[in-house]
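Given next, in structure tokens, is a single chain: the form predicted on its own.
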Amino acid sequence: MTDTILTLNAGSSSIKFAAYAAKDVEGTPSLAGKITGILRSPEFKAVDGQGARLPGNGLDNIDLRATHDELIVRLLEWINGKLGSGNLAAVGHRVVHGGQHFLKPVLLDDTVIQELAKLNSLAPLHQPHNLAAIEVIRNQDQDLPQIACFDTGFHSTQHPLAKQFALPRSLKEDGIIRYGFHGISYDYLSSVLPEHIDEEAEGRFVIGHLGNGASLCAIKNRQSVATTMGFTALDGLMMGRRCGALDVGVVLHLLNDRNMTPKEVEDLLYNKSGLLGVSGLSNNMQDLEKSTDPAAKEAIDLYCYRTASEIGKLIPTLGGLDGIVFSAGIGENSPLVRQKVCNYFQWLGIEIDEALNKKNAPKISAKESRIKVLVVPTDEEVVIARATRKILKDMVL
């Protein structure tokens, strides 16, 4: 009996998963967990539908050298052991880049996978790992349906001007445009806004997906109007290890005057910059907040300054602002970051309730605040599960 939908989110250093009853993907997943710190300090955590911690058996002590492919195989064995072999109806994947052609979730086949592999260079920290997970499962079970859900798809509602660079038209026609990312997260957050503020959810909001990877999205009528990430997931906000928006002249300088190779520059911008680069200590916001090192404070201050600056750039695209939503690892769990970012907008009438902010309450703006400020946990897995179930139903029909 195949009655379970599995979602997989294979990233550069982690693999997240959740298992849902195919008949009710809106319910609590029967299994959920993640492997973090791959190739550095790997750790496995999983819970059942009641939130009870589950033993990882062979995954409790992961070899530091274990690759993504090896871990996916072992993870699938562990999942099948919990659910029962042959119990999966389908696997839904987060795939970061869908390019110009894949705007909605799609059933994966050889042709689709080949097209998606062409986008690897546009999301080098994610796309290759997304596709590797798909191939591992195909090698184990060719008949198991796999569905790809794209981070870029949510931003297809943007006006063409929001996507265009001031480059020769031929490059635009070749697909060098602003795509935007974290769309699965923004899809979920937009869908649950009415649960928090009723009909006001159709207003003008900036949502912050603030984690190790970070971006902002301006939404109106719960649709994407503009976003901070562009052609790649390197643009926009300062992140854990990524630099965010950068004068392209810096890249030219590094190549031409510092004699760095393209690979060295890529490694610098993707892996050695951001919070880690500025602090020289860590890419983890919690670690930096605990540190007394002045460089840690500087990294936090720069992160908040850059976030506020990018929010400011998005407000004109909306014609005003009704609210800010904080989400993802930093957005959901750092009162300090939320307060510092919002302090830049006191001139707009934003006032934060300090006690509510410290509690990570769903609404942290004070009663007298002219702009609503919310903290909403994201759930990319349920969006993937919903899309996977829909495609499965369409296949049956």
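The model shown is predicted, which means the values in this text are computed figures rather than measured ones. In this text, residue numbers run from 1 along the sequence as written.
The next section is about a form of this same protein that is not shown, the form predicted in complex with a small molecule.
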**Report entry** Of Ala328, Ala32, Ile62, Ile371, the one that lies within 4.5 Å of the small molecule in the model of the complex (heavy atoms)
**Finding:** Ala328
Query - The single option of Asn212, Gln127, Gln158, Thr232 touching the small molecule in the model of the complex, heavy atom within 4.5 Å - result: Asn212
Query - Contact label in the model of the complex: Gln286 to the small molecule, heavy atom within 4.5 Å - result: yes
**Report entry** Touches the small molecule in the model of the complex: Asn357 (any heavy atom, 4.5 Å)
**Finding:** no
Query raised in the report: Contact between Ser365 and the small molecule in the model of the complex at 4.5 Å, heavy atoms?
Result: no
Report task. May I ask you to state whether Thr28 is within 4.5 Å of the small molecule in the model of the complex, using heavy atom distances? Result -> no
Requested in this report: Would you mind picking out the stretch of 251 to 259, 164 to 172, 102 to 110, 278 to 286 that comes within 4.5 angstroms of the small molecule in the model of the complex, counting non-hydrogen atoms?
Outcome: 278 to 286
